[in-house]
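Just one chain follows, in the form predicted on its own, and it is written as structure tokens.
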Amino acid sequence: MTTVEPFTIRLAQPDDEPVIAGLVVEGFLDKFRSVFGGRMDQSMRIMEKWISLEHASGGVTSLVVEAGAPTEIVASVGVRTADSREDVLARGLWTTLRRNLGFLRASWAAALLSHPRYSGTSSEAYVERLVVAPQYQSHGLGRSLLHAAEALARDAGKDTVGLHVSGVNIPALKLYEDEGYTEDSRQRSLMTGYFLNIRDWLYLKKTL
């Protein structure tokens, strides 16, 4: 556990998954609206299930930031440091999408959510879904969580850490570049470019 006054960073617990899901949906609201359309009420349920799957089978550990008294979770990040069972993740996500959205909408959502694509390596950690509640932004929480994620990666014996960021997310790009991340590769998608206004996905990498 790390304290950054007046905030505390700690490992997430299973009971935190609904709150993390809410932060992710809020943090990527424009993307989720395009994916789920008029079924935004299901997006929270689907994201909560996805986070649970990542924790159980995806090799992902989540960190959260607590603030206030009584405490509330105001930011979170996921860090993949262990082997991932991609077949279990894919099957679990598809089942959840289909159950909540129906076959046609689930197919649509799965196609959009498949970007950006990532293949893990044993020597590299992967940082994902770094989100901070809007009212707590500009407090340095994103940077603090990134540092904590890198510490988890080092403790797991990783040599490098990588992450994806959209080409239009300028504040996030600036944060990562300031922290020593450099572009390693780039994916382009006409589909997400048209429907999400995100054509380029940059893969950034940093040596630990």
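Numbers follow the displayed sequence, beginning with 1. In this text, all values refer to a predicted model and were calculated from it rather than measured experimentally.
What follows is about the form predicted in complex with a small molecule, which we do not show.
K.L.:
Report whether the minimum heavy atom distance between Q137 and the small molecule in the predicted complex is within 4.5 Å.
P.N.:
Although the small molecule is absent here, Q137 would touch it in the predicted complex, with heavy atoms inside 4.5 Å.
K.L.:
Just to confirm, G27 within 4.5 Å of the small molecule in the predicted complex by heavy atoms?
P.N.:
Contact check for G27: yes, within 4.5 Å of the small molecule in the predicted complex.
K.L.:
Should N169 be counted as a contact of the small molecule in the predicted complex, where contact means heavy atoms within 4.5 Å?
P.N.:
Contact check for N169: yes, within 4.5 Å of the small molecule in the predicted complex.
K.L.:
Residue-level contact is defined here as any heavy atom of the residue lying within 4.5 Å of the small molecule in the predicted complex; does L141 satisfy this criterion?
P.N.:
Flag for L141 set to yes.
K.L.:
R33, R154, K174, R45: which sits within 4.5 Å of the small molecule in the predicted complex by any heavy atom?
P.N.:
So the residue touching the small molecule in the predicted complex, by this definition, is K174.
K.L.:
Just one of K158, H55, K49, H164 has a heavy atom within 4.5 Å of the small molecule in the predicted complex. Which one?
P.N.:
In short, H164.
K.L.:
99-107, 112-120, 127-135, 80-88: which one contacts the small molecule in the predicted complex at 4.5 Å, heavy atom to heavy atom?
P.N.:
Contact-bearing stretch, as computed: 127-135.
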